[in-house]
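Next up: a single chain in structure tokens, the form predicted alone.
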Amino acid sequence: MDYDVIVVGGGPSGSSCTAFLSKAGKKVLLLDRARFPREKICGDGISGRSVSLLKELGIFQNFKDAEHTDMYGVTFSSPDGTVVPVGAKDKGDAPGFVCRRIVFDNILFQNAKKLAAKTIEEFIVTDLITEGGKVVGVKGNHKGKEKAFRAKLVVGADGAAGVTARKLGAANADGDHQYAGLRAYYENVDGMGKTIELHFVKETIPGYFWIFPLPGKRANVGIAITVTEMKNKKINLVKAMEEIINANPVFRPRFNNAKRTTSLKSWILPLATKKVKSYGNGYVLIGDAASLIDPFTGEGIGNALTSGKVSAQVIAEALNENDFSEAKLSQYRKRLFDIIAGEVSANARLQMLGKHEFLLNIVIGKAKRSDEIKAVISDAILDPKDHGRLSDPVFLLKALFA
């Protein structure tokens, strides 16, 4: 059976792309190697950009009815122990949320499954079918049986380590543009409120330690650091996290009564500062497969959902015009970065700032006394809108030394 589009991967990018295309009347085959609901290693933070797209997909209420924690702000701390809470008003719809990916992704996937022409779970894609320099389908294994499907377009939404980006030579393997992440779930962590927490501690520079609150006094706790710095400094992520929790004077008291309830799990986060070729004859790459993780916060869901929407718009046009060329599909990346480029550029500046302990101490110390700096940093986390000031060296100098 032939399809208009094959989407490989049912995470946020693949499910949103499938839903938008299906609503546009296109015949979509959605494939995923897992059976939903399934776990996904992540920090579980859901940004304001994600919320707006959930509303556009018509499933925001489904999400609100599911297990989650409202997020009304951000709490930072500097290497010298200065703690700065940056909060929004605790009323109305929260600007962000924390929701386990096993819950969040399943809501998105079930919506896409309802709309798609066909969905196959537990299908492991092993290769792409190409003809005349154009991607025309996929091969794979479903419960021991080899199968192949063809389509006018293929969407790679199977993540940083997925087969599509690797087969197309587009995988981000640059350690300067990757975070190595480690996380586990804990219960009974003290001092949590309605904010996510990003802490810049000596053990993870340039990176951070996070605590994201979940219902029932649970928390998603983890660390992230660039792969290059981890290798250069020979940092063992497990030991670094244990040292923060057990020895850091800011956090040790908060974990006195805490218990880790899951194993520690690691993964690689491909950052949007690395330009990969996310389109070509007969294909586009979206989400983590297109290396779209925010370089400051490590958050990828908002950009993944956005890439799903934008790719669906361009693909629908391509189908209507019967044009599946690289030139046509290049519009996908251009339109996507028209939306996210300012945010990526500004947050890359913040990431660079995070490489210098003394600058972090100065800026977070300033933020403790400056509502303006608080607002700028908060926007980078909760609901990015205007990043002009973060792209302005004059503002950054003023923030540091005024």
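Bear in mind that the values here come from a model prediction, so they are computed numbers and not experimental data. A residue's number is simply how far along the shown sequence it sits, counting from 1.
Form predicted together with a small molecule: not shown, discussed below.
The stretch among 69-77, 144-152, 268-276, 168-176 whose residues place heavy atoms within 4.5 Å of the small molecule in the predicted complex is 268-276.
212 is the sole member of 200, 296, 212, 283 with a non-hydrogen atom within 4.5 Å of the small molecule in the predicted complex.
Interface residue among 366, 26, 349, 33 relative to the small molecule in the predicted complex, by the heavy atom within 4.5 Å criterion: 33. Although the small molecule is omitted here, in the predicted complex none of 87, 219 and 258 has a heavy atom within 4.5 Å of it. Heavy atoms of residue 18 never reach within 4.5 Å of the small molecule in the predicted complex, leaving it off the interface. When contacts are judged by a 4.5 Å heavy atom cut-off, residue 8 counts as touching the small molecule in the predicted complex. When contacts are judged by a 4.5 Å heavy atom cut-off, residue 343 does not count as touching the small molecule in the predicted complex. Contact check for residue 333: every heavy atom lies farther than 4.5 Å from the small molecule in the predicted complex.
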